[in-house]
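Let's start with one chain on its own, the form predicted alone, as structure tokens.
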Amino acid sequence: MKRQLQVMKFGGTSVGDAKCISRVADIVQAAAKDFSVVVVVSAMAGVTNTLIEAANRSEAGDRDYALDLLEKLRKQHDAALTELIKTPATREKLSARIQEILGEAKRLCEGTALLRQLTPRTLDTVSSLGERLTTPIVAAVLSERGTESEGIEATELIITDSHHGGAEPLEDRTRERSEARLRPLLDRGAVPVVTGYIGATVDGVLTTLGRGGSDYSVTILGAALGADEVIIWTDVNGVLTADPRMVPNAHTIPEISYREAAELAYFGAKVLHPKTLRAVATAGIPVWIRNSFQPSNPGTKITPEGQEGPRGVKALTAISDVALIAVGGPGIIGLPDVVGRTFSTTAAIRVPVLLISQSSSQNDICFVVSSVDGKRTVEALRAQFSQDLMHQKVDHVTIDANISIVAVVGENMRGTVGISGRTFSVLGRENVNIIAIAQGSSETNISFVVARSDMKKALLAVHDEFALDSNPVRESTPVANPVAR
């Protein structure tokens, strides 16, 4: 009988050091007794940030500082090797591989320092090296423990467009490559260990899927191979009703729908990359979010429809590293295509717009972007409306960086009487001023903008209003519980 297939991903904290990687091996080996398993791994926690810092320092001309960072990474990975790998020949081979990968980083940083230019293609290559360092170590640990395994770079599997820093997969080509490369390994019982976060163009040029893209990698591969389920192993017990750092009584949601999970990810929930569910949505493959530090905890199951039962508010999330941009003034009412010009400008500079609203007077178009995109967005808009600003048809293009978005998420909320009223009533009672409001066409979220200083107060008030601290009874369990088995 053909065994069911699990495709599982381990995030940076889950492979953060030798002890964590050993725990990962335990989880994988337990699952491999009953299932075919493909593993996707991230870089060790903090490594990608260090690599990007080295690249940026190189561009600034600080070559020596960049090379010191790379040396620290070498020592970090060699320390993990020394603790994990007992066979001298294997350890020596892996150490040489680490040196080779970091040698590539060194050459790229030296070239960047010489030219004082960091291209998107070079940044992709440098930032991808963390996954390329982790993958052979995890594969070697499994092999040394008696589970046949092979480290594979996703450049062989995930074929993408050529947009560096945020590439999108080409589904048919990815399916062909993944089946051809991985299926023979699975058929003989081996566990492929694949680099997360990266892919390659048709011509073989390395690309990345964006920060946090290893979540996306695992669902891309799960869809390509027709997996029975995808498991994302992280450092929390699933999807929570709110960020526990803001709302101490937040709890794990047993089951949630694709739409709800996607909305939470889009509006800042760190447990899931915003693009993660795109790849599996058509096939309806369930996705689990589980804690590698507490593998007996069942976590959260994400399914097309979510858990049966009453519809309404399921969870809250918030983003604080955002900025509110306003284009406005009395003159914009009669200005042709001001909305089109505003958003064609943001599209031209590839800035994602997180939320759109409009003032009640119709005099301002307001929207929210990530803080890192705020300055260049304002500059582009002021250039676009330069003549209108000069003639006072547009009064201002302004930015407010001291704001946060709070999102209230749940299935079919617009059709549920009283949710909006209760939300804004409780915020009023708590003296939280609402700067802007938007409701998604999916009917799955109500989002609003508040001052950053009011974000925690807003989350606590709404969480309490909808009694989200009451822990529902779990009705679903994972196909495989490594500890129970």
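Keep in mind the model is a prediction, meaning the values are calculated, not measured. One rule holds for the numbers: they count along the sequence shown, beginning at 1.
There is another form of the same protein, the form predicted together with adenosine-5'-diphosphate; it is not shown, and what comes next is about it.
Asks: Here the chain is shown alone; which of Gly312, Gly204, Gly111, Pro244 has a heavy atom within 4.5 Å of adenosine-5'-diphosphate in the predicted complex?
Replies: That would be Pro244.
Asks: Considering adenosine-5'-diphosphate in the predicted complex, which of Leu118, Ala227, Val271, Ile405 comes within 4.5 Å of it through any heavy atom?
Replies: Result of the distance check: Val271.
Asks: Between adenosine-5'-diphosphate and Lys9, Trp233 and Gly238, in the predicted complex, does every residue show a non-hydrogen atom at 4.5 Å or closer?
Replies: Heavy-atom distance to adenosine-5'-diphosphate in the predicted complex: all three under 4.5 Å.
Asks: Among the candidate stretches 369-377, 80-88, 342-350, 262-270, which one is within 4.5 Å of adenosine-5'-diphosphate in the predicted complex when only heavy atoms are counted?
Replies: Selected stretch: 262-270.
Asks: Scan 13-39 and note down the residues that get a heavy atom within 4.5 Å of adenosine-5'-diphosphate in the predicted complex; none is a fine answer too.
Replies: The stretch touches the partner through Thr13 alone.
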